[in-house]
Each structure stands twice: as structure tokens, then as C-alpha cells.
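Next comes just one chain, in C-alpha cells: the form predicted alone.
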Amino acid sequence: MTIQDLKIGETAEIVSLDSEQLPKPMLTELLELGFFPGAEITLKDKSLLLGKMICNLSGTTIALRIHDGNAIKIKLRQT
């Protein structure tokens, strides 16, 4: 499951980043932003028209390209 599979309002735990799908500069940027295994992420909004998603990562709001979200593997949090 990836961030792309989240529905708006769902929260998940990051399991891993697929380094083969991301260029090295993007992987480095995501790690600097806090996309580490174990981090909690919530999908706030998604725009297919713009190709963007808005996420809350450990209290910080971050915009990502939907395509890049395909490289972020997650585990859905049970509520």
C-alpha cells in the first residue's frame, strides 16, 4: 500500500521509501522532511487535476506530487 491509496482523513505509518522509484535528490529531500519509517502521515486533500496531495506529517503540512507518493510504502493505522 502506498500514500496514493490513502483516502482523505486516513492516517498511516510510513514503512519504507522505494529508492528505485525516486531520483536521489527527491529521496534526500523526503528524508530531510521527515519521511522516515515509523512516521505518522495523514492525507488531508488530493487533487488529481493538479497531480498533488496535501499531507500532514508529524504536525507539518506538506504538498507532494501524487506520482512521488507511489514510492512511499505505508501501513494503515487501525482506529
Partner chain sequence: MKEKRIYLVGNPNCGKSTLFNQLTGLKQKTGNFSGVTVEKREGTLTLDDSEWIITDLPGTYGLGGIAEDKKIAYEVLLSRKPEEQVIYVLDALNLERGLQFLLQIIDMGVPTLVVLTMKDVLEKKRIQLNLEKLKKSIGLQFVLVNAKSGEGIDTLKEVLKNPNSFQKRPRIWTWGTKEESFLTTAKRKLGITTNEAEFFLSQSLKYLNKDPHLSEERYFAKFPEETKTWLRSAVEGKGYHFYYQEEMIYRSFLIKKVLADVITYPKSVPGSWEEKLDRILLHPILGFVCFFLLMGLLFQSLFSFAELPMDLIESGIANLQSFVESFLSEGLFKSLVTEGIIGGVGSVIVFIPQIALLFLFIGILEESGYLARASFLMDRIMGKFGLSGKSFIPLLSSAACAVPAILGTRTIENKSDRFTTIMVSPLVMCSARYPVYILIVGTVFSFPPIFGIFNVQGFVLFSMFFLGMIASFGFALLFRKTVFKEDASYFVMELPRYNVPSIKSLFHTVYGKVKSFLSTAGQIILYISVLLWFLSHFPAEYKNNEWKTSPIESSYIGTIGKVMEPAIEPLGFDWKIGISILTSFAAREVMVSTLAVLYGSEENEEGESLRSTLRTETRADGSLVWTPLSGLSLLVFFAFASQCMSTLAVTKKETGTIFWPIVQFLYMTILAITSSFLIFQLGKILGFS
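This structure is a prediction, so every number in the text was calculated from the model and none was measured. Positions refer to the first chain, counted from 1.
As for the form predicted in complex with the partner chain, it is not shown, yet the points below apply to it.
- Residue contact with the partner chain in the model of the complex: Leu30 places a heavy atom within 4.5 Å of it.
- When contacts are judged by a 4.5 Å heavy atom cut-off, Gly9 does not count as touching the partner chain in the model of the complex.
- Contact check for Asn70: every heavy atom lies farther than 4.5 Å from the partner chain in the model of the complex.
- Residues Thr60, Thr61, Ile62, Ala63, Leu64, Arg65, Asp68 are the members of 59-77 with a non-hydrogen atom no more than 4.5 angstroms from the partner chain in the model of the complex.
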